[in-house]
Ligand code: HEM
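Below you will find one chain, with nothing else, as structure tokens; this is the form predicted on its own, and questions on how it binds or moves follow later.
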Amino acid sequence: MVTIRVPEHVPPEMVKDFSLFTSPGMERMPNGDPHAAVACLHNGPRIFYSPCNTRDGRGTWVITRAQDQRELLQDTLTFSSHRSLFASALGENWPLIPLELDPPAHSVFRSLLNPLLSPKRITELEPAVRDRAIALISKISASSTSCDVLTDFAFPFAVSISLRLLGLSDERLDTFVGWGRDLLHGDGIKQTAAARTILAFIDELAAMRRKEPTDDFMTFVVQAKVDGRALRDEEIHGIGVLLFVAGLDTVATAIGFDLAYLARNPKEQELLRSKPDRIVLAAEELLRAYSTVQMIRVATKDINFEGAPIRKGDFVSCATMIANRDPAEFEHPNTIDLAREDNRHTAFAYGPHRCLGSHLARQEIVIALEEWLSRI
């Protein structure tokens, strides 16, 4: 059992019983909608302390306003990204790169990796991404009258694209999907075992690409240099693991939420089916409405932030699903408007750590919707 403790420096009136993982009142929301549940936070204080807002039960300060989140995420000197989440499960201490690096190291690796996921490179990938979506959807439509969207389509689709970036075929697709599920959703034992398996796989792949280079992401990484030197093993671990993990849950979950919304709203579904040119704009609104990423930062010093006495070492949560329902940012934030323009959502985070793979994620989501609506 995890003992929940509120630090002494947190005023009792600033404590709120809240967790993104087990939100009180969630079961009372329409359709069990977690996004509607967290949107209710905008009726309360702009910042509060939750003693259990992480998967391990550790407390965080929760930032509810989009403007405050942007300010905090820009201040990398005061609020650090370095937590070594993946490595800590193995009893090690190396960061996912560039996600868990702070400037100036973050900028060095971000510049190194940007070309691999640039808009131009992603455009070149489009035929392969579309072919994969078509193959999975065609198999579903030919073999059954129903399916589990996440299991049968979204997860295999997202994982297969990650495999392609790594230069691998889909022969072991089910195995990789299983690793991802155990890592992201399993209990502690399964998570640790999956982390070790994924790391061993990254090491094996890196060794293979050193001997047999090809035109893929991992070959680039093992041949890359920073400051005139080759990358260290821990740096290759950090980059390789992030590539493997980053696209799994976020893209698959986005596709799942999008198709769930369209299933409940057949008129919107028919509109997009008859006017597919509107899907790109609709995908942005669905990203806003159904954001899934929580950015956690660690305070590097004592600071009073908007009245909150944050102390060095405190965790601070900037959850996209809260910011993207902020009425100060979006007119009628809880209304899903697939024609919404000037959509300043933060589904891909904000500031220096804005998602490196956002162009690819957008492409996968749009293609998934286009091909699904044209075939199902």
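In case it trips you up, residue 1 is the first one in the sequence shown, and so on. Bear in mind that the values here come from a model prediction, so they are computed numbers and not experimental data.
One more form of this protein exists, namely the form predicted in complex with protoporphyrin IX containing FE (HEM); it is left out here, but the text below deals with it.
- Put simply, residue 110 is close to protoporphyrin IX containing FE (HEM) in the predicted complex: some heavy atom of it is within 4.5 Å.
- Among heavy atoms of residue 355, some come within 4.5 Å of protoporphyrin IX containing FE (HEM) in the predicted complex.
- Although the partner is absent here, residue 39 sits far enough away that none of its heavy atoms falls within 4.5 Å of protoporphyrin IX containing FE (HEM) in the predicted complex.
- Among heavy atoms of residue 98, some come within 4.5 Å of protoporphyrin IX containing FE (HEM) in the predicted complex.
- Of the stretches 268-276, 251-259, 187-195, 123-131, only 251-259 has residues with a heavy atom within 4.5 Å of protoporphyrin IX containing FE (HEM) in the predicted complex.
- For the marked spot (246, 348 and 361), a heavy atom within 4.5 Å of protoporphyrin IX containing FE (HEM) in the predicted complex is present in each of the three residues.
- Interface residue among 117, 299, 150, 231, judged by heavy atoms within 4.5 Å of protoporphyrin IX containing FE (HEM) in the predicted complex: 117.
- With the partner removed from view, the residue among 293, 177, 199, 168 that has a non-hydrogen atom within 4.5 Å of protoporphyrin IX containing FE (HEM) in the predicted complex turns out to be 293.
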